[in-house]
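First comes one chain, alone, set out as C-alpha cells in the form predicted alone.
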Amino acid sequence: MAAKIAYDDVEVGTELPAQTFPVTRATLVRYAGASGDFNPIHWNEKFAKEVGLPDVIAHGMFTMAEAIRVVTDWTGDPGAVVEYGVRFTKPVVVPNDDQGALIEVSGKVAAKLDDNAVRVDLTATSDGQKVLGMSRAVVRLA
C-alpha cells in the first residue's frame, strides 16, 4: 500500500475528517482477549470502583489505537505512519449499558517535514474530556 494523499496537496492547518468510535463493555472484552490485557479495571465494575475509578475504563492502548485510525483512514495506508505517541490524560469511562462510551477524534496537519512527511496533531475526547494529550503522528505521504 501507499499513502493516497500527496504531500504537495497538504498544507499546515489541513483538517483530517473527524471520526467517532463507540466503545462498549463487549468491545473491551474483545480487546482484552486480543491483547492479553485482562486487568479487571477494564471489565469488573466493582474492582474498578474499589481502586478509585468511576467505573470500568477502556484500555489506554485501545484508545490510542482508535485515535490513530483517523490518520490511517485519511492516508489509506497504515504503513505511512512512521511515528506515533500520546500521553494518557483521562480515562475513557465505559458504563454498563447499551450505549457505552464514545471516543471523538479530530486531526490537523501541524507541520510539513522533510522527505514528504507531515506531523498530524490529534485531539481525542470522551464525554467532553480530553483523553489523550500530546497526541502526534508523523506520516509519510505520497
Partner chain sequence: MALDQSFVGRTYPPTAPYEVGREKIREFAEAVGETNPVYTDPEAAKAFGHPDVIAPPTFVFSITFRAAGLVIEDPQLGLDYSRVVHGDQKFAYSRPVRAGDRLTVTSAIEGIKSLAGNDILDIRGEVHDEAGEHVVTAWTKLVARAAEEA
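Numbering follows the first chain given and starts at 1. Bear in mind that the values here come from a model prediction, so they are computed numbers and not experimental data.
One more form of this protein, predicted together with its partner chain, exists but is not displayed; see below.
This chain is displayed alone, yet in the predicted bound form one of Lys108, Lys49, Lys112, Arg30 has a heavy atom within 4.5 Å of its partner chain; that residue is Arg30. When contacts are judged by a 4.5 Å heavy atom cut-off, Asp97 does not count as touching its partner chain in the predicted bound form. Put simply, Phe88 is close to its partner chain in the predicted bound form: some heavy atom of it is within 4.5 Å. Using a 4.5 angstroms limit between non-hydrogen atoms, Met61 touches its partner chain in the predicted bound form. Val81 belongs to the set of residues with a heavy atom inside 4.5 Å of its partner chain in the predicted bound form.
Across the proposed site, Ala34, Arg69 and Asp77 without exception bring a heavy atom within 4.5 Å of its partner chain in the predicted bound form.
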